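The chain that follows stands alone, in the form predicted alone, written as structure tokens.
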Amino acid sequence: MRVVVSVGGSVLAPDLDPDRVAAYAAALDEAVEAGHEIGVVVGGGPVAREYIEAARELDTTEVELDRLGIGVTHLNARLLRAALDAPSARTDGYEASVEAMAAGRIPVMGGVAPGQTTDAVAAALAEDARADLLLFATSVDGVYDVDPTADGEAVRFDELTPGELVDVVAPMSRSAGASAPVDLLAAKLVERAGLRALVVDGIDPETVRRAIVDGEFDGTEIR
């Protein structure tokens, strides 16, 4: 199975703990050992948001804020590559990443361009690679009707169609540094490509390994 994993920066490196990064790398290594082709896109997380908020106070443009966030995603991607045992590849584009996956290596990407979140990068890579599964490893256990960290009565969706996913996330703000399980552009790409996707709580790397290797998950399935 060919799988693209979008790992939120707040999941991979909330506090730059090397043990957490190593655990994530081990989960991905196990997926490769089980015979799966894996591609990874890494987000910026708390560090990126700190830079973005500081620059926003300096009246920086949203495009420059995006560039700051992208820079942090590349650092996080480099950190994950360093922890992988499976052959990895530093790639900045989709075509090279697809080629790396086909060659048995794990491409690890960060952000690509202003205005495009790492969610969207992962969705575009999954479409280009004709992936069997797009896995969003986030800090919440699925897609909710509202932000579950702000509303205790938020309702989780166990299953959504791609079109329903677009409808759910469309009202959400997506300015630089905003946080949501799946952003609008990514949702539209999932809908366009008819991708099967899972949104899971990726705080425990075992969740990612289990979803890929065992086909077991607790979250929201998009299909």
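Computed from a prediction, not measured in an experiment: that's the story for all the values here. Residue numbers run from 1 along the displayed sequence.
The protein also exists as the form predicted in complex with ligand UTP; that form is not presented, and the subsequent description refers to it.
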Checklist entry - Contact between Leu125 and ligand UTP in the predicted bound form at 4.5 Å, heavy atoms? => result no
Checklist entry - Looking in the predicted bound form, any heavy atom of Ser97 within 4.5 Å of ligand UTP? => result no
Item to check | Contact of Pro205 with ligand UTP in the predicted bound form (heavy atom, 4.5 Å) | outcome: no
Checklist entry - Counting only non-hydrogen atoms and a 4.5 angstroms cut-off, does Leu133 reach ligand UTP in the predicted bound form? => result no
Next on the checklist: Contact check in the predicted bound form: Thr161, Leu165 and Gly219 versus ligand UTP, with a cutoff of 4.5 Å between any heavy atoms. Do all three pass?
Outcome noted: no
Item to check | Interface stretch in the predicted bound form with ligand UTP - options 68 to 76, 100 to 108, 84 to 92, 145 to 153, non-hydrogen atom within 4.5 Å | outcome: 68 to 76
Item to check | in the predicted bound form, the residue from Lys188, His36, Arg49, Arg196 that sits within 4.5 Å of ligand UTP by heavy atoms | outcome: Arg49
Checklist entry - From first to last in sequence, which residues of 30 to 48 have any non-hydrogen atom within 4.5 angstroms of ligand UTP in the predicted bound form? => result Gly43, Gly44, Gly45, Ala48
